[in-house]
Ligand SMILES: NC(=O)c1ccc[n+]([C@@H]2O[C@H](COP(=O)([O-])OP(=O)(O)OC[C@H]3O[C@@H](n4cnc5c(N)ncnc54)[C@H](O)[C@@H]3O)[C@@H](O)[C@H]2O)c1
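Below you will find one chain, with nothing else, as structure tokens; this is the form predicted alone, and questions on how it binds or moves follow later.
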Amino acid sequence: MSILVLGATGFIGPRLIKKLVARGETVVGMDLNPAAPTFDGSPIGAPVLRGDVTQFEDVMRTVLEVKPERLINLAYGLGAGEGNPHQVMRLDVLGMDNCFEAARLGGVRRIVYASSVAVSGQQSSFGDRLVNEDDPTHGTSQYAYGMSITGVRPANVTGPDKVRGSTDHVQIMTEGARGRPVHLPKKGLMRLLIHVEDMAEVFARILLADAPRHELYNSGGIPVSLGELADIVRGFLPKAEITFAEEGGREDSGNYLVDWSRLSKEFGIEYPGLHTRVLEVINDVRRVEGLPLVGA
């Protein structure tokens, strides 16, 4: 099967491509920076063409050249776009529209796109209950003709090379692994963590499915406070200097109680324990930094 991955050299793209290639699929990527290095320096494993998702001509040219049966768009702006809201709008709205229109004109039969758990807004809007895909959205940030279009809402994706979007949880693990101090505002802030490898697997299964039952899926993840995450890191690195300015934060947290039963039941998705993934991130960083690995 021919698959086109837009945003191929970003955070999730390289992991997804490796999973698709391992399944025997024919994959081509497109990215504004096709030569971007991966975190560990290993090759992506598929050709990547240069193209800007905000330029319709680039997307259309790539679709006509690759002639994909399926397409996934991972080229989107993380965060609320506070620094450059115009660019985030171009990526998330114009870029997505370019993706849909080029796919329609090119005869692509299946599209998967990345949304975000941020559309749900604050957890306080729902109380202490799980939020599902049909609940009304309270988010305040920006962010077809015979085609099957499926949306996936990633939670707080984490990994050793994440540098955009919500990164406080990443800093706790990566800076702790490097032996650098970490100081964050609120200990009680909640995050819904999903490792980037797990997120890539979710995208792969939905993209390759013959007929997903729903138009939208929550990724789900593991809810944890920053303080609890810091304690896990200290369990592996007792000398890690992780401090917080104050205790609170839960009431200010974005949506962290998410119903992801659709994904679990339909695709058999299960996530490794949080301690397992935290240790992997720590050792991924220490391996790159040339530091001794930490045992379980």
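Values in this document were obtained by computation on a predicted structure and should not be read as measured data. Just count from 1 along the sequence shown to find any residue number.
Absent from the display: the form predicted together with this ligand. The rest refers to it.
Although the partner is absent from the chain shown here, Gly10, Leu32 and Ala75 each have a heavy atom within 4.5 Å of this ligand in the model of the complex. The stretch from 97-105, 173-181, 156-164, 112-120 that comes within 4.5 Å of this ligand in the model of the complex, counting heavy atoms only, is 112-120. This ligand is not shown here, and in the model of the complex it never comes within 4.5 Å of any heavy atom of Ser253. Though the partner is left out of this view, Asp52 does reach within 4.5 Å of this ligand in the model of the complex, counting heavy atoms only. Contact check for Leu91: a heavy atom falls within 4.5 Å of this ligand in the model of the complex. Counting a residue when any of its non-hydrogen atoms is within 4.5 Å of this ligand in the model of the complex, there are no hits in 169-204.
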